[in-house]
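The chain below stands alone and is given in structure tokens; this is the form predicted on its own.
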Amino acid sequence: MNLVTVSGPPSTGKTAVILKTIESYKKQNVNVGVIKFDCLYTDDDILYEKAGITVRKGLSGGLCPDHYFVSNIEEAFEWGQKEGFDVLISESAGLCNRCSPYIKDVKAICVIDNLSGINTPKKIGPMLKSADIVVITKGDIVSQAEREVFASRVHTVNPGATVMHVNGLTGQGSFELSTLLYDRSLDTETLKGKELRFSMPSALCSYCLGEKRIGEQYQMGNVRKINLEES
């Protein structure tokens, strides 16, 4: 089974891109399932079910969603194998822009949209920098010049990635994306022992453990201060 990890900031159109890409796979008789990771709420699973796609979802609640992802992806992968999928797509939102749910030797896709701001590619961090493919959406509501400048900024941040435009409404570009994601010769047998491409943030402090009071005396563990004397 191929495992594909798709991530990106909220509301960039990840689910729409995945749905259109799976339409292409259905025409090729490729069996695809989806595991959706989110933080507090998602109804994207309903969209997948309406499209006839087998889906499971997990909500991290009070935990960091990317830590939650890596703690559960092995079981999700085993579920996909039992279901007999050819491809399992993992969809997750990188909520802090510091994490990356990508795994070495597993295809990694970052979805980002043209409306997020010209400097957004520099803000997203490893989720964009370490992706194999960067999908840019919402290109139909900006000018050609804006599309080209935005794509150039993405290329500057991740020069090794394949950058492509996909329209989540019409599906334009989704077939081309599907040809880049599935390769039967790259089936993964197990995730046991594999490594993430980027380390998770180190953030074990008193606030991680439930502290609510503000004050230096309550700040223990991994704490980092701003140098306000810097110009």
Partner chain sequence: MSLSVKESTLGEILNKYPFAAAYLEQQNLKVEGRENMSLNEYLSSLSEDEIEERALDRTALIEGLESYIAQMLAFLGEEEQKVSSLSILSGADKSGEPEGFDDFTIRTGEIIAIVGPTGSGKSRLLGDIEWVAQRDTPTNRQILINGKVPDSKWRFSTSDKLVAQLSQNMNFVMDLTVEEFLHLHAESRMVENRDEVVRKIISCANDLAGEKFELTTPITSLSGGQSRALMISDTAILSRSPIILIDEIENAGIDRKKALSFLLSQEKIVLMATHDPMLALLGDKRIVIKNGGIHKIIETSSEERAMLEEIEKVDRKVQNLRASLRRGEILTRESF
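Positions refer to the first chain, counted from 1. Remember, predicted model here, so these are calculated numbers, not experimental data.
Omitted here: the form predicted together with the partner chain. The next part is about that form.
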Given 65-73, 173-181, 41-49, 186-194, the stretch touching the partner chain in the predicted complex at heavy atoms within 4.5 Å is 173-181
Flag Lys57 as yes or no: does it have a non-hydrogen atom within 4.5 angstroms of any non-hydrogen atom of the partner chain in the predicted complex? no
Tell me, yes or no, whether Val30 is in contact with the partner chain in the predicted complex, where a contact means a heavy atom of each within 4.5 Å. no
With the partner left out of view, is Asn114 within 4.5 angstroms of the partner chain in the predicted complex by any non-hydrogen atom? yes
I'd like to check something about Ile103: if you look in the predicted complex, is any of its heavy atoms closer than or equal to 4.5 Å to a heavy atom of the partner chain? no
On the criterion of a non-hydrogen atom at 4.5 angstroms or closer, are Leu19, Lys26 and Gly84 all touching the partner chain in the predicted complex? no
For the stretch 99-129, I need every residue with any heavy atom inside 4.5 Å of the partner chain in the predicted complex, listed N to C. Asn114, Leu115, Ile118, Lys122, Pro126, Lys129
